[in-house]
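Heads up, the chain below is alone and in the form predicted on its own; it's given as structure tokens.
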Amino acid sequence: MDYIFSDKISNLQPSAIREILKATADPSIIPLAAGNPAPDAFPVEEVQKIAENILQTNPVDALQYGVSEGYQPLRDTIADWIKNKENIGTDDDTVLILSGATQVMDLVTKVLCNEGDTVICEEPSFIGSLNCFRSYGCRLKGVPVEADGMDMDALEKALDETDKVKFIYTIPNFQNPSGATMSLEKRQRLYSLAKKHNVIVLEDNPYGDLRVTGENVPTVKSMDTEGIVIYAGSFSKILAPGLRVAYCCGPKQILAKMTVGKQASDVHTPCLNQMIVNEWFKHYDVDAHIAKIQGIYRKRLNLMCDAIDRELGDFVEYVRPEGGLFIWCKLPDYVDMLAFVKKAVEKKVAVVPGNAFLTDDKADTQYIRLNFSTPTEEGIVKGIQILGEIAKDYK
């Protein structure tokens, strides 16, 4: 039969990243396209012990249905953690546990937006969030990302000139894909502009704990006195992505509606996984673990940047990030970016074409995204060497 799909889904395309990742199933492919945390960053033995203990001592709670808002001990743990660590949370805020940070984006959009409403987002931005916004029929208004974060003059212009703006989406720390970190001054202005225009800010911070150099910058949520910021965090990058445990902190009224939306989606985040995260906080030194993985990523980031300088230094432009997982490289104007990506795959190196991260994914761009957390150290060096060999053909 002929299948007719909904208007909301028919115009969505498969994630370019996921499509490229299919190629990485070939073990000979060097996966510079991925965004997976480094396997050696997982606290495997700790999680094994925690899970075993939970299933021995409290199996019914772990295997039973749970409440949609999340496992209350974990909600309390997270509220204390982000308050002490980032000064996040007021009496008007609450914490909701989600099944991965993308569900935060999904539920915020579901709760706040009607078809035809506008989401202002960084340009470029994370493809998963962009596709989420598109799936609800939202219009996307991109604001350029500079070395120190979103262009605030362009944001102000967008707010002044764009109709039906429901929220501003930002990844202020080690932005995906650009690697940029928003300066304190820009964060303060972002909050001021959102307050002036009565617009919600969705602050997505999955990489904030992956800082390898420089000083921490206060979150936008820590400035929130008006109840206009929703903060999204995740344990995918500091514990394990397969657990699918994330959280958000925001105004109680909004999160109550998000809870209703979650009930219509997956009912609740798996109880066992939530209990594992909570027990991890109770019995292990989370700060020491974060310091350990920062060391892993510091080494790999520097290894990749040094290799880029050595093999591609006169061919690409990039800004060395202060953390995160990604490096955003600009190819020369005379190079066909998509052809370069295809040649890389043919030579067994997978990278992500930059247009995947644009509000208009058919627009031209000279950028590619590289990831340094997934490949081995040997893979990083070899992969950049191969890209350097491809670059020589263009020279």
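We number the residues from 1 along the sequence you see. Everything numeric in this text was worked out from a predicted model, so none of it was measured.
Form predicted in complex with a further copy of the same chain: not shown, discussed below.
Novice: Establish, in the model of the complex, whether Ile4, Leu63 and Pro270 all lie within 4.5 Å of a further copy of the same chain, using non-hydrogen atoms for the distance.
Specialist: All of them do, each having a heavy atom within 4.5 Å of the partner.
Novice: Taking 4.5 Å between heavy atoms as the contact cutoff, choose which of Thr219, Asn278, Ser99, Gln294 touches a further copy of the same chain in the model of the complex.
Specialist: Answer to the contact question: Ser99.
Novice: Would you kindly say which of Glu317, Glu185, Asp148, Asp266 lies with a heavy atom within 4.5 Å of a further copy of the same chain in the model of the complex?
Specialist: For this set of options, the contacting one is Asp266.
Novice: Does a further copy of the same chain get within 4.5 angstroms of any non-hydrogen atom of Glu115 in the model of the complex?
Specialist: Output for Glu115 is yes: heavy atoms within 4.5 Å of a further copy of the same chain.
Novice: Find out whether any non-hydrogen atom of Lys257 is located within 4.5 angstroms of a further copy of the same chain in the model of the complex, and reply yes or no.
Specialist: Yes.
Novice: Given that the partner is absent here, does Ile327 sit within 4.5 Å of a further copy of the same chain in the model of the complex, heavy atoms only?
Specialist: No, Ile327 is distant from the partner.
Novice: Check whether Tyr284 has any heavy atom within 4.5 Å of a heavy atom of a further copy of the same chain in the model of the complex, and answer yes or no.
Specialist: Although a further copy of the same chain is absent here, Tyr284 would stay clear of it in the model of the complex, with no heavy atoms inside 4.5 Å.
Novice: Report the stretch among 156-164, 106-114, 304-312, 77-85 that approaches a further copy of the same chain in the model of the complex to within 4.5 Å, counting heavy atoms only.
Specialist: Selected range: 106-114.
Novice: Does any residue in 185-211 get within 4.5 Å of a further copy of the same chain in the model of the complex, counting heavy atoms only, and if so which ones?
Specialist: If the 4.5 Å heavy-atom criterion is applied to a further copy of the same chain in the model of the complex, 185-211 yields Asn198, Val199, Ile200.
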